[in-house]
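Heads up, the chain below is alone and in the form predicted on its own; it's given as structure tokens.
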Amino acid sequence: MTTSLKGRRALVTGSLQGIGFGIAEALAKQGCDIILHGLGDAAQQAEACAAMKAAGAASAVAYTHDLSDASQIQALMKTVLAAGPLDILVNNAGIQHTASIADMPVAKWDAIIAINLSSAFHTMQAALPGMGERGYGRVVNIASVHGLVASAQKAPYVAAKFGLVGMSRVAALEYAAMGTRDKGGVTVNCICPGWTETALIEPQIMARAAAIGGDRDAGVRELLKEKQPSQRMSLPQEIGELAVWLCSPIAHNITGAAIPVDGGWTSQ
């Protein structure tokens, strides 16, 4: 059984920064053809593509389709599939808004459900049939600890992530018998990160650090201590390495899983 991902085509949504970038870069290091997606400008897209090629990607291209719009997702997938088979699909794109159920704007609910949940349905619906026909395919959906446990003020986010875990399990069942051990089979799994060190949460870290004397490491521990027992953040690259392992043919019997990377958060 080969363990190489060289030459596989991988689409990673929400991949111009953060966890998505870390996953795309990890796949690039394996020699995959990388299809990036995000809402960055032309300079950000070019920079991200260059980083993928420097990491070892056979090729890299970036798209900017709006994942809140089903017709744009369909256009994205049509473009991707017209260029060749898609072997790996990573649904990472997501947005967040915190408010109580009573105060949550309806438009925010609709947008979060559309981008964090419905977009994955549309990409999977387009990609999975071809994976099944070829006997190899990997879908890795980036859920969250909030796909396993809830937090107040996050109703649409939690609803979307719980839904993503459930939908992934349905897809895993539907495609479980396709392919062989040698081909690698078709699997659908979720990664459920807890606190992960990205630019988006840096302001929260620095605010906590400032409140306790300016020590960044102490700020991280203060921010995490309520929920994440390890009091250590994960790095996007670490999430990327887990995604690479799930995409390897050796992981042919890992399907329907929701794997927490959360320092013990969901064990409490």
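Keep in mind it's a predicted model, so treat the numbers as computed, not measured. Throughout, we count residues from 1 along the sequence that is shown. Whichever C-alpha set is largest while still superposing within 1.5 Å between the two forms counts as the rigid core.
Below: the form predicted in complex with nicotinamide-adenine-dinucleotide, not depicted.
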> Can you pick the stretch from 131-139, 170-178, 77-85, 155-163 whose heavy atoms fall within 4.5 Å of nicotinamide-adenine-dinucleotide in the predicted bound form?
Replying inline: 155-163
> Counting only non-hydrogen atoms and a 4.5 angstroms cut-off, does L16 reach nicotinamide-adenine-dinucleotide in the predicted bound form?
Replying inline: yes
>> Since only the chain is shown here, I'm wondering whether I95 would be in contact with nicotinamide-adenine-dinucleotide in the predicted bound form (any heavy atom pair within 4.5 Å).
In response: yes
>> Can you tell me whether R221 touches nicotinamide-adenine-dinucleotide? I mean in the predicted bound form, with a 4.5 angstroms heavy atom cut-off.
In response: no
>> Contact with nicotinamide-adenine-dinucleotide in the predicted bound form for S118, defined as at least one heavy atom pair within 4.5 Å: yes or no?
In response: no
> Hey, which residues along 50-68 are within 4.5 angstroms of nicotinamide-adenine-dinucleotide in the predicted bound form, non-hydrogen atoms only?
Replying inline: H65, D66, L67, S68
>> Relative to the superposed rigid core, does A199 relocate between the shown form and the other one - that is, does its Cα move 2 Å or more?
In response: yes
